[in-house]
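Okay, so here's just one chain, in structure tokens, the form predicted alone.
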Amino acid sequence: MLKNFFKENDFIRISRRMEIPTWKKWVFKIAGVLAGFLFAAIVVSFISPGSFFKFFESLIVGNFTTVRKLLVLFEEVAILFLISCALAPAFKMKFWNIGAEGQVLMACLGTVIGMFFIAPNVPNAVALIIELLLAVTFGVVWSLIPTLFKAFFNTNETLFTLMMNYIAKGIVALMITLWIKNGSGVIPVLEYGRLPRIGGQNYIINIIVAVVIGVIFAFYMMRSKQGFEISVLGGSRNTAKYVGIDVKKVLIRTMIITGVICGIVGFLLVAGASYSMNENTVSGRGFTAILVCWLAGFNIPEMAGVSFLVAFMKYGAREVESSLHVGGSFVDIVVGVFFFVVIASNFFITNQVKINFKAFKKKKKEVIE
């Protein structure tokens, strides 16, 4: 109906952009981020009158005022970025993997098995190697199950990978119930098989690993033959087959890489951060990483930037929630409003909007007459 209105009255014309200069693309992106902050602050002002400027102050206080807050912020960025790297190649070849949440959670389970049963009886270095191998194995297996069904039986990977998330949660909950008899549903903090601290601080090693993997992954996607094959497959499967690319092989190989990265993330979450696990250890990051991938257009440096924005808003909104004493859903509301505006701004990157003021004046004149 709205489209017909515009067509009939010729006030607004919306057309698809064939191309956009890089500088203009960044202008729209930066404007979208600034508008997101502005609208989030306005929402906060409605919830708690007079808190418009307090919102921006709390964003800074919640992220940058102590060393620990900085480390927590950048560790969150690191984890989100790594999960985004795991998802990006699959999405780029149009394999809609919605299962990163479960793939990382199963890797957490593999790590806990190593920490719980093996680490107390072997040197720490050996324990860490075993934990990493278990985490990667669990992550790869959980990634390959829907991939093999897609490759050989052409099943719907979106529903399959989504379903695997809930199965993973069920398995983790069952294992914890069998191991921990007090009914808490949480593995107690484990003392053995931990990653070492750097400078007496947690999280630093997780950040370093994310940087290293990010550099390697960017080279893999942009410079390697396999990265090129992923791009061709994402453009057209028929074209990929025509130039001699084995579609099944590329699909399986790419999802193994996804599983490996998810395995590393699960290992870092447990052995490098929480030293514990429950069914909510991944805490929705697997789904948030989908947002990161799409907003960044599968561009590796941009994914790092969007990951930072997500983490910055998350912890900043928690500080706002604490300082203003508002409800528990406040963080989700503020972050949701922010990214709704940012996503909406992408419309102007892919579409061109022209307002025909002459047609408006002509219609106004006809109505008056």
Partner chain sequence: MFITFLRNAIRFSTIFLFGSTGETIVEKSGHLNMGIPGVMCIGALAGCAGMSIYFNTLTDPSQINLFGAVVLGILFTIVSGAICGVIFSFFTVTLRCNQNITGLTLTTLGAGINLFVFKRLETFSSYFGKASDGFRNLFQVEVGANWFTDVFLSYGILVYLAIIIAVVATIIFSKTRVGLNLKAVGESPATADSAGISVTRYRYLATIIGCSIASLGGLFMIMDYLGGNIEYGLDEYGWLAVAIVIFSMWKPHFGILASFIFGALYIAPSYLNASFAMKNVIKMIPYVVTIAVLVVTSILNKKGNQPPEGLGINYDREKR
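Residue numbers count along the first chain shown, from 1. On a predicted model such as this, the values are computed, not experimentally measured, just so you know.
Another form exists, predicted in complex with the partner chain; not displayed. Remarks below refer to it.
- Among residues of the shown chain, T239 is not one whose heavy atoms approach the partner chain to within 4.5 Å in the model of the complex.
- The shortest heavy atom separation between M277 and the partner chain in the model of the complex exceeds 4.5 Å.
- Although the partner is absent from this view, Y166 contacts the partner chain in the model of the complex, with a non-hydrogen atom inside 4.5 angstroms.
- Using a 4.5 Å cutoff between non-hydrogen atoms, G336 counts as a contact of the partner chain in the model of the complex.
- For the options L34, A344, I42, V67, the residue carrying a heavy atom within 4.5 angstroms of the partner chain in the model of the complex is A344.
- In summary, among the residues L174, I208, I216, M222, the only one with a non-hydrogen atom within 4.5 Å of the partner chain in the model of the complex is L174.
- The chain is drawn here without the partner chain; in the model of the complex, the stretch among 75-83, 250-258, 101-109, 283-291 whose residues come within 4.5 Å of it by any heavy atom is 283-291.
- Contact here is defined as any heavy atom lying within 4.5 Å of the partner chain in the model of the complex, and by that definition not a single one of W26, F138 and N299 is a contact residue.
- Taking the partner chain as it sits in the model of the complex, the stretch 133-160 comes within 4.5 angstroms of it through a non-hydrogen atom at F149, F153, N154, T155, N156, T158, L159, F160.
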